[in-house]
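One chain is shown next in structure tokens, namely the form predicted alone.
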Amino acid sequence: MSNNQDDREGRLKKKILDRFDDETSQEIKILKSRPDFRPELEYFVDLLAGGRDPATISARTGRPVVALMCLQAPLELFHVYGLQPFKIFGGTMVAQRLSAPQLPAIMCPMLRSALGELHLDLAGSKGQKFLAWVTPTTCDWVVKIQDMMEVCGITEKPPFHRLELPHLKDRTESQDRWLEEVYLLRGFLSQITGKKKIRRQDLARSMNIYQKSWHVFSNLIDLKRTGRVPEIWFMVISNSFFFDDAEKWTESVKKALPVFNKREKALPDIFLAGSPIFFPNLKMLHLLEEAGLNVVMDDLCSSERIFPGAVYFDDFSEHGLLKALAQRYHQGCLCPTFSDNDRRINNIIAPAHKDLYKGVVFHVLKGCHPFDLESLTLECRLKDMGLKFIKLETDYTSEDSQTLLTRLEAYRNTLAN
């Protein structure tokens, strides 16, 4: 690359980094200026504002950081090996400008943004990189993340480990295969940390730590069902989970629970489904509030689905604990990439939920094919039940905000009929 090209790329990175900082600080300012902001929520906002480069996360948690592309990898295994799993977030609109020229025009904007952030080298002079990458083979975009990094000219080449995710949950063969993958993940983490063996007591302790996190998070979900937790605060809390030690985060959620002691407004309640939403791109949540809609349930993997559920086991051997983790992360996952996934649809239309909301807003990122396909099935099922449904397709831009708002306001009017 010539000196002129280096200079042009350097100037572009500087410009985008400045806009990246502006985008983040602007959203932080909006959050802290909300009338329902309380001191107990400052911890979560500050985590998101404090940076998501490996050096910052490692300094905060005291652990080397492993990049995690999807949530199927058992978090407890990382913890017992002294590692901090960090779900890769691609929430900025501006960062994707660095990766877009080398990538397909229609692809997941979340990953396009994540690749752009890698180009920015947010660690800067700190120089610390991810110790490794763990990539469950969920959607096609995630499967090809390493190839896309090379195409985009990203030089970071830490160890990569792929978890081959069986896309049929109900087959015994698939469940056995996934347990093998969990064992292979254990071997990989052992290799990169140099810890040849883990004690089952330590694994049980790590499982207990995340079990407590899930339990407290469930209490927050219960409050949300009553309309007392605005979705934007729920999303801030859930998004921040990977930014700090699990025990610190859990205690902070406990302290925040009393903040949500009343419902602010009587708005139509909805179920929010579809593609994940990550800070600082909270556009859709702001639009839902502006349209006068209140989210009491969601199935986003960036929100209510950061935990796949509780861990149940009666075998305290190491094999028994690993098997329990494998079952939790495979059977409990509601990702649309699974083929036998009626439980995901049934979770939305379950009789126990029918009185909680009046309609479903389905959020789809352009290029997010699994959710796009699923929306067709869900729409038919909901209409058969007489429930109102709207699908909103969007990208990582602000240009479509007014159009989306107009559609949401019209949709809100239908819920009153």
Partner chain sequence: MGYKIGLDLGSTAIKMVLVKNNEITWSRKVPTAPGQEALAMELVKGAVNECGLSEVDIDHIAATGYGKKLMSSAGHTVDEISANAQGLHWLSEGRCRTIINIGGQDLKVINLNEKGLIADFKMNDKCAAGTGRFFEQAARILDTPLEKFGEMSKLADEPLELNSTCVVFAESEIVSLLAKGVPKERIIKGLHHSVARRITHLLGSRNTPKGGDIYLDGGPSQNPGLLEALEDELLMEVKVLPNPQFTVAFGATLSAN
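The model shown is predicted, which means the values in this text are computed figures rather than measured ones. Residue numbers count along the first chain shown, from 1.
Only in words, not in the display: the form predicted in complex with the partner chain, which the text now covers.
- The contact residue chosen from Asp222, Asp202, Asp170, Glu290 relative to the partner chain in the predicted bound form is Glu290, the criterion being a non-hydrogen atom within 4.5 angstroms.
- Mapping the unseen interface onto this chain, Asp21 falls outside it, with no heavy atom inside 4.5 Å of the partner chain in the predicted bound form.
- Residue contact with the partner chain in the predicted bound form: Lys388 places a heavy atom within 4.5 Å of it.
- Though the partner is left out of this view, Lys29 does not reach within 4.5 Å of the partner chain in the predicted bound form, counting heavy atoms only.
- Proximity of Arg38 to the partner chain in the predicted bound form: non-hydrogen atoms within 4.5 Å are absent; the residue sits far from the partner.
- Look at 58-66, 355-363, 40-48, 375-383: in the predicted bound form, residues with non-hydrogen atoms within 4.5 angstroms of the partner chain sit in 375-383.
- Looking at 377-411, the residues that come within 4.5 Å of the partner chain in the predicted bound form, counting any heavy atom, are Glu379, Cys380, Lys383, Asp384, Lys388, Ile390, Glu393, Asp395, Thr397, Glu399, Asp400, Gln402, Thr403, Leu405, Thr406, Arg407, Glu409, Ala410, Tyr411.
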